[in-house]
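In structure tokens, the next block holds one chain alone, the form predicted on its own.
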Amino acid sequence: MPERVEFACNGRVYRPGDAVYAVVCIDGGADEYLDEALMRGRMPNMAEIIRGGRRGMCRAQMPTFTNTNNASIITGAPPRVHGMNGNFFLDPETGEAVMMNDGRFLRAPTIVAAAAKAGRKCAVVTAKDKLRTILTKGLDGIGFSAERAGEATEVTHGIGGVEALVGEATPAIYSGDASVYVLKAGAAMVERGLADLLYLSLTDYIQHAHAPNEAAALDFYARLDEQLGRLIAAGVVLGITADHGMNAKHDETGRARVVYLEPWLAERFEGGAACRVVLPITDPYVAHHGSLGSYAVVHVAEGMDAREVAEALYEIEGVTEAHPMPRAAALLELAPDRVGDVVVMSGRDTVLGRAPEHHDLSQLGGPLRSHGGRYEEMVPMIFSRPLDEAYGARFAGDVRNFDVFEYTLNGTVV
């Protein structure tokens, strides 16, 4: 059994017991998917987990994007601490728009790195390789992605022979297989004694492409359930949450509801054509969302008043919030030097874009489903064991998805 250790990270103290622990992030895991699958009897293991543990809701970190929330979960802190305001930002040092897909952008240590230094055998498995160097920064342990599982070596990833370990070849990233592979890899490592504290982060390809009641989504959640059952059978204490929810962003005909900000700014303001709109959802996986989400950042042109721009943005149907930088950074707990001048958010069924020529929606697998705003903020949090009295009482309050490691390691009864 693992030894009991105590370690600290970003102002929190963690006291895991002598159990094996895994935190699972179901990317795009809106609660509606769980409800639908449970109601239809497609997740019997999850039903048992909930009966023997605890299920509730928590707030994801804004903006509700993958990099931001995975960084928050793995550090137990908001972006004002770890610096990851999105997947993509305008670097103030260079003036260039860049993807934050590298550990150099992470400003805080990770929980798994701290646990490994304290003596735990830690492993991080992600579906998307874009997250790997972020989540494994400083980690003396195992870290690889399903997307590039076949490339993992002992020297570069802390483990080799992943395909043999899992018993399957590297999966396609544009599939549900990639997420299932993450859980299979986690279970295989636990069964072989290779890891006793794991972070397993899935991908939201299925949720982007399918509503909760569609057959493909139900089949996907049933496959996840099989692997969750395997982890439970291996004695793992699970903490399960999501990085963000997911909503349909189209009308009844399937046409995407998009507000294109750059043409509007050019028409609304003198000099507005010089404003730059950055979409922090942007990442290499264009078939997921076409770089369209419900959160955008405006860098106003020289001489323009950011407060005036923010106020004017409320004129647009579908825009629900617009905040100048100081207010946005304080309200959303963002790193202020990576915010831009104005943060814009849109409604449940609307996304924000630059201009039509910047977005190729032909690659989407179906009508647009996406995330990023307030309407994807509430996500599930589930534990496979009961919570003790203190954490049980706290769980009734305002819980964040990046509290999941603390609750799992400190609050579950093992």
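No experiment lies behind these values; they were computed from the predicted model shown. Quick note: we count residues from 1 along the sequence shown, nothing fancier.
The next section is about a form of this same protein that is not shown, the form predicted in complex with a further copy of the same chain.
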Inset, instruction - Spell it out for me: taking a further copy of the same chain in the predicted complex, does every residue among Ala47, Arg327 and Gly397 have a heavy atom no farther than 4.5 Å from it? - result: yes
Inset, instruction - Heavy atoms, 4.5 Å, a further copy of the same chain in the predicted complex: which of 235-243, 264-272, 138-146, 315-323 makes the cut? Say which one. - result: 315-323
Inset, instruction - Classify Asp102 as contacting or not contacting a further copy of the same chain in the predicted complex by the rule of any non-hydrogen atom within 4.5 angstroms, answering yes or no. - result: no
Inset, instruction - Spell out, yes or no, whether the shortest heavy atom distance between Met57 and a further copy of the same chain in the predicted complex is within 4.5 Å. - result: yes
Inset, instruction - Verify the contact flag for Glu252: yes if a non-hydrogen atom of it lies within 4.5 Å of a non-hydrogen atom of a further copy of the same chain in the predicted complex, no if not. - result: yes
Legend entry - Contact of Leu361 with a further copy of the same chain in the predicted complex (heavy atom, 4.5 Å): no
Legend entry - in the predicted complex: members of 191-219 within 4.5 Å of a further copy of the same chain, any heavy atom: Asn213
